[in-house]
Structure formats: structure tokens, C-alpha cells
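In the form predicted on its own, a lone chain appears below as C-alpha cells.
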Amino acid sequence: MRKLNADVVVVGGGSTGTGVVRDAAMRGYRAILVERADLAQGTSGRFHGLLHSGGRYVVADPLSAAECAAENAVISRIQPAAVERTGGLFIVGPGDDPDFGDVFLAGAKAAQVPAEEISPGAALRLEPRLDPKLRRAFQVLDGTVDGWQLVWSAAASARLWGGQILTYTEIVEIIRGSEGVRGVRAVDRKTGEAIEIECGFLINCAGPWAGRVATLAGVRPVEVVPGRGVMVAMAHRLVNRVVNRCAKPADGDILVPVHTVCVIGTTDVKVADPDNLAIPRAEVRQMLEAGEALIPGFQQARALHAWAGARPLVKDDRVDDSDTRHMSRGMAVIDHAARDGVAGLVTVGGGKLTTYRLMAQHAVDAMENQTGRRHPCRTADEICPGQTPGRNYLVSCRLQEREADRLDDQIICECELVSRRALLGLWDEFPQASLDDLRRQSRLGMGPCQGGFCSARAAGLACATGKADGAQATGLLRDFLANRWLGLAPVLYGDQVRQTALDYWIFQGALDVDHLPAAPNRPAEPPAAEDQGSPPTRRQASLACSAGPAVAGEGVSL
């Protein structure tokens, strides 16, 4: 058994958890974060990419709106490479109530969220694909954020200050003494090694899984209600600004340009298990139809991928416990010493990715309130490592980088312009990473071919450079494809059917990946939830490819 010692253990490697371990380390605490999978593999990596201006909540939740407006500026400054400052529009369409625009402006003024009305003509000049029948338009300071880059840069900052990050490490027991939390026991999911960490404090940042972690401490239940949201990525940026419907929040009312794609989202349905998130075809169809209401012709564009994430909503007694759409998005910090008489334990829930740094500040403040120690929070003042002050992400950034090195650095992934040197650099930094882990940092395989070409190249690169033998590389490839295939089936129509059929012919026909030798003890492939889809047969792919182009919602599904 490996034994470690810390002042505080942070459970959960999403945005809030990495924000907490960064904050605690910067205040001088010996902090260790444990995450059962990779960083940002849960909610923080499964959202629509919106960096909120606060506009969405100025009517329904003005406190959250004000927090988002303030933190939008902070995150853009301290993690500029993760943020694209696109700007945003709130649109009153031909079927929307034009008077709601006045309510929106009044709410924005009260919450101090910058918003300005512009003419429909000006809005159409900014975004020509908008419905020409739109009635009103408002400019806001929405942006887009890469959740993976945000989390990894916060983790790099935490490490710089002495924090430790243990990924693929699952907590299995919280050790309590007469005076409260004394430590945790965990298991390394890759090696099976048992780990015991002695600590005086635990901050539970497990998001939708926070209730399970709290149960390990023997406290009263923490009622976290997972709200499943389905999103669909389109293969191109149909807009260059965030486009919102100017109405009360509803399903499918946000279109977000992220990197080279755009994302329509989301639904909001209470689920029992955040580990089993279905992608129902009806909800995918609903998203495509919602996109049509914002951008005429949306359903004729090429859909790329569907996925689902779970919001970590804290139960709100003001609404029915199944009504996740209208539960507050505000953060909740639960002090278990005050609530349950268990010292050394705090649980964090709710909130938005936009407010992750503020949530972390409140969580560490709550710890210090229990312990009686006081240190200033400096996370809003210091830029994270690897960032250039004032240089926010632009969609052209990678093209500019490849223009500089295209003659001496092989491109592994054409869709996302991932180079050999960049991929190997990440592998050197994280030698135990899978191809899917590297995808979250590099965007490998996230373009229209969904890994159809680059995944085999990356697996071959692992062999050629000695990072894996043939059987291990096969395991890496299979696991990568399993994760890329999840969520494909509900969105396949038109050109994307042909692309997917070609990919499957490559892997099931030319390479016959199902029968290649695999390394023993390789990680199990994740199970496919309802309607997420599993790899189709060659016959299904052939039939799909021969079916010809289809209208969205009527396309061939594999």
C-alpha cells in the first residue's frame, strides 16, 4: 500500500476540483486531488462550451447572472488560451414574445450584466445565417471555453504550487476519527495499487457523484440531482458568435461556436445515474429542430456527434425534484461540521463552469472557517502557466502554428491540425495516457472523420516510438474507437453516414480490429448506454452508404 500525507484531499477532477486544489495549494496547503478517471472526463468535458456573460440568467437567477458576468472577465484574463471571446447575441425570433426583450434588458441592468440592443439589420450583418424575420437583438459578452484546456491549465498551476494530481484513482473509503475526517483510502484503477492518504480535511467536488462520496463519510444524504443534457455538434461553425433565444431558458436555445464546430444544446432531464446517460433519438431530433429555429437550414447542415453530460444540481425545494430545468444554477457549499457534526468535510455542488474559480474560493474559505486559519485567495490575480497574457484563443490559431512548421512536422490529424511533435510532447509529459486521454488535450479525432484516419496513425506512432508494443497499440486503438463511436448513431444522415461507413470499412474490413491481438489487462471499453449506439456491422454500413443523402431527422441510423 502506498501511503501519502496531505492537509487536504480534493475528490473530483473536474473544473471545481482542479480549482480547489489550485486555490488550496496557492494558500500554502499540502493538497492532493484524486479523480477516478482522467481530468475533465465528467461534466466539465461534456457541456456546450459556453462561457456565460450572465445574460441567460438575468431574469430567472440574477445572482448567478452577476457571478457569471464577473467570472467571465476573470477566466478570460487568467486562462486566455482556453477562452475565445466571440461575443454573443440574444435573438427575439418571429415566434417569440418581443416584450420579453424589455424584461431581459431590465434584468441585465439590475444584475450589472452588459447588454445592448442593436437593430435586426445589424444583427444580420454580424451573423448572416440568422432568421431574417428576427424581431429584436441584443449584444452580450458571451464567449466560448474549452473545458479540457481550462481544467488542465488549472491543474498545471496547482502542480506549480506543490499540489498533487492523482488521476485514475478512485476513493473507496473516508476514514473518520472522533474529531472528524482523518484520511481516505483509494485504489489506482490502472495498477490496482491501494493508496492511503492521511489528511485533516476533505473537500468533495465530485459533481453529480458528490452524493456518493458524502455517503462514504457516513453523513446525511447530500441531495445532488443529476440533470442530463443532450448536445449535438455540427461539423462547421454555422455562426461565429454565441446565439441565444431571448426567452425564458428552455431546451435547445443556445448555439455555441467551439473551435472548428458549433454545438446546439441542451435538453434537461432528471436521471438516476450519472454514469449511464442515454442519448435518446427523440432528444437529438429536438436539438436539430431547435437549431432550425435559430438558423434556417440548420437541419441540412452536417451533424457530427451527439453526447450527454450531467449537471450537478443541488435539490431545490422551490420546484419539483424532477424539474431540473428550473432548479437554481447557483453554487452550494455544504459545511458538514455545521450540518452533520462531522469536522473536516465540505461538499460543493451546483454552479456553472464559468464560476468554477469562485466556487473553489468559497470551498476553501469554508475549510478555513472550520479550521480557524486564514489565508488570502489569489487565484483571480495570477495567470495560469503556459498562457500568454492577453492572448485569447482564435479559431485560426492552429492553422497559424501549422503554417510555421508544416514542412518539418508531420500532421497526424488533418481535421484538427494535430502534429506529430505536439502529440509526442503530450505523451512524453503523460506516459500512461491513453489515446482517448490525449484526445481531450489535443482534440485528436474530433473532426468530421471522428478518428477514421488519425487514430490508426496515432497507434502506429506509439509503436514506432516505443511507447507501446503492437498488442498494446491495438488496445489503445480499440478503446479510442469505442469512445468515438458512442453518440454517433443518433445523428447519422447525409454525408456523415458516408464518412462513418468509410471509417468502419477501414477498421472492420481492412484492419479487422475486432480480431487483432490485444494486450492483456487492457482497460475495459465503456458500455454503450441506451441509444448511444455500438459499432455497426459492415453490412449496416454498406446499406447506410448506399441509401443516399437524407434530410435531418429522416436519415439512416447505423
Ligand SMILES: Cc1cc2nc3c(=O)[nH]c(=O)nc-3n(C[C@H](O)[C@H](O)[C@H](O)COP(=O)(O)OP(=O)(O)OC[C@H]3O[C@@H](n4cnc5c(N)ncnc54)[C@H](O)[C@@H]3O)c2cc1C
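Counting begins at 1, following the sequence as shown. What you see is a predicted model; the values in this text were computed from it and never measured.
Absent from the display: the form predicted in complex with this ligand. The rest refers to it.
Visitor: Given that the partner is absent here, state which listed stretch (486-494, 24-32, 44-52, 58-66) has heavy atoms within 4.5 Å of this ligand in the model of the complex.
Guide: Residues of 44-52 come within 4.5 Å of the partner.
Visitor: Answer for Trp209 alone: is it within 4.5 Å of this ligand in the model of the complex, judged on heavy atom distances?
Guide: Answer yes; at least one heavy atom of Trp209 falls within 4.5 Å of this ligand in the model of the complex.
Visitor: Using a 4.5 angstroms cut-off on non-hydrogen atoms, would Ala70 count as touching this ligand in the model of the complex?
Guide: Judged by the heavy-atom cut-off of 4.5 Å, Ala70 is well away from this ligand in the model of the complex.
Visitor: Please run the contact check for Arg439 against this ligand in the model of the complex: heavy atoms, 4.5 angstroms, yes or no?
Guide: Taking the distances in the model of the complex, the answer for Arg439 is no, it never comes within 4.5 Å of this ligand.
Visitor: Taking heavy atoms and a 4.5 Å cut-off, does Gly445 contact this ligand in the model of the complex?
Guide: Close contact is absent here: in the model of the complex, Gly445 is far from this ligand, nothing within 4.5 Å, heavy atoms only.
Visitor: Which pick from Pro312, Gly88, Gly451, Gly163 sits with a heavy atom within 4.5 Å of this ligand in the model of the complex?
Guide: Contact residue from the list: Pro312.
Visitor: Name the single residue among Thr266, Thr347, Gln79, Ser157 that comes within 4.5 Å of this ligand in the model of the complex, judging by heavy atoms.
Guide: None of the other options qualify; the answer is Thr266.
Visitor: Judged by heavy atom distances of 4.5 Å or less, which residues of 158-189 approach this ligand in the model of the complex?
Guide: Heavy-atom contacts within 4.5 Å come from Thr169, Glu170, Ile171.
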